[in-house]
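Listed next as structure tokens is one chain, alone, in the form predicted alone.
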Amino acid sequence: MAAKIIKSKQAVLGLFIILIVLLTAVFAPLIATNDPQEIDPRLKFKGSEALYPLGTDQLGRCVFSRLIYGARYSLGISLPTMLVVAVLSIFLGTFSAFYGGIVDRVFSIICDIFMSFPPLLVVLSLIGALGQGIANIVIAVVFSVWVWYAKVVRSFVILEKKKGYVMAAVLSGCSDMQVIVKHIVPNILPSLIVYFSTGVAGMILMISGFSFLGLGLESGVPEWGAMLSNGKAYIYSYPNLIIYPGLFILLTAGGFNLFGEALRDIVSPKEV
């Protein structure tokens, strides 16, 4: 698969964007020119210069430094959240589909109940009850979206367990756990990686959207969605306060989408 990824221009472009954003997050202290949370009202709305490449915001904070550190918060929340969703959905979806019967019926009913509530409503309720903070955001987002991914995993497993190699594994004496871990999951994993890769882009947009609505991190944290929220009051006088974080969100989400779509074409090529 690695050779196919290298040959795909779309995959290389998406992977390049992802790596740039990841490296920016990792080396933020070396790239940023200032403390992203340092406030100096005397420097508010300052223009671009060497020390402030993208100027300052309404509180005199360096916009460039806040954007650089924002990669840490956006990816630092989105990626672990998607990892938790992936593990939870693979475990529950696989278990339900493999054993079927009453287990699968109960699981389907639970999924239908969860899917009847819009994710935004669930997140609003949970953050209102738990309060703001990274851990609470992760809990709220996982609780609101896990069911959508688990249903996809369930459908993959239902199709896969009917194939001959699974029946052969069962007849050869493999236990249920061996069939699941050694046969079913490895065979559906490439398709799931594609699905979860594109899901990261949606996760970034979702978390940024919650921050834009004031449901994200604490006030003052340099997160892209929060920067959008803070800059919306100055959209006519200082539009750059919205344009810059918006471009970073678009670029990062686009990178994951490009890479995920390219993986989809590699894993499931279209028939000619």
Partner chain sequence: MKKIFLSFITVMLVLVLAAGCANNEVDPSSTGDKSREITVCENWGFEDGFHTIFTPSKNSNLGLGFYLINFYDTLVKIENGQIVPGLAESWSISGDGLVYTFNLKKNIKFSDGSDLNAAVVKRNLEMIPVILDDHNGSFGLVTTLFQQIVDVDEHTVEVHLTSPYYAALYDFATPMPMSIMAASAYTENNSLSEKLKTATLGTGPYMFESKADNLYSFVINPYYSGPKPDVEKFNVRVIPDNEAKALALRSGEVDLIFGFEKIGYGRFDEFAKDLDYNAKTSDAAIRTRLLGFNMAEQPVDDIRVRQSIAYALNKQELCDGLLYGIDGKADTALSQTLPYCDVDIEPYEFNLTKANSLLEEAGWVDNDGDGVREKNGQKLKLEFLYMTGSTTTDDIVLGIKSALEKIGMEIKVSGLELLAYYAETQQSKYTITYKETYGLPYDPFVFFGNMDSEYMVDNVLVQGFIHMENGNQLIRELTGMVNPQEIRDRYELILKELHDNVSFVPIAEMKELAVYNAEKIADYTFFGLTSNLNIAGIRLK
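Since we're looking at a predicted model, the values are computed, not measured. Positions refer to the first chain, counted from 1.
The form predicted together with the partner chain exists for this protein as well; it is not shown, and the discussion that follows is about that form.
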Checklist outcome for this item: Students should find that, of 31, 54, 243, 59, the residue having a non-hydrogen atom no more than 4.5 angstroms from the partner chain in the model of the complex is 59
Checklist outcome for this item: Within 4.5 Å of the partner chain in the model of the complex by heavy atoms, the stretch out of 202-210, 243-251, 23-31, 36-44 is 36-44
Item to check | is_contact(residue 48, the partner chain) in the model of the complex, heavy atom dist at most 4.5 Å | outcome: no
Next on the checklist: Just checking whether residue 132 would be counted as a contact of the partner chain in the model of the complex - the rule being heavy atoms within 4.5 angstroms.
Outcome noted: yes
Checklist entry - Taking the partner chain in the model of the complex, which residues along 154-177 bring a heavy atom to within 4.5 Å of it? => result none
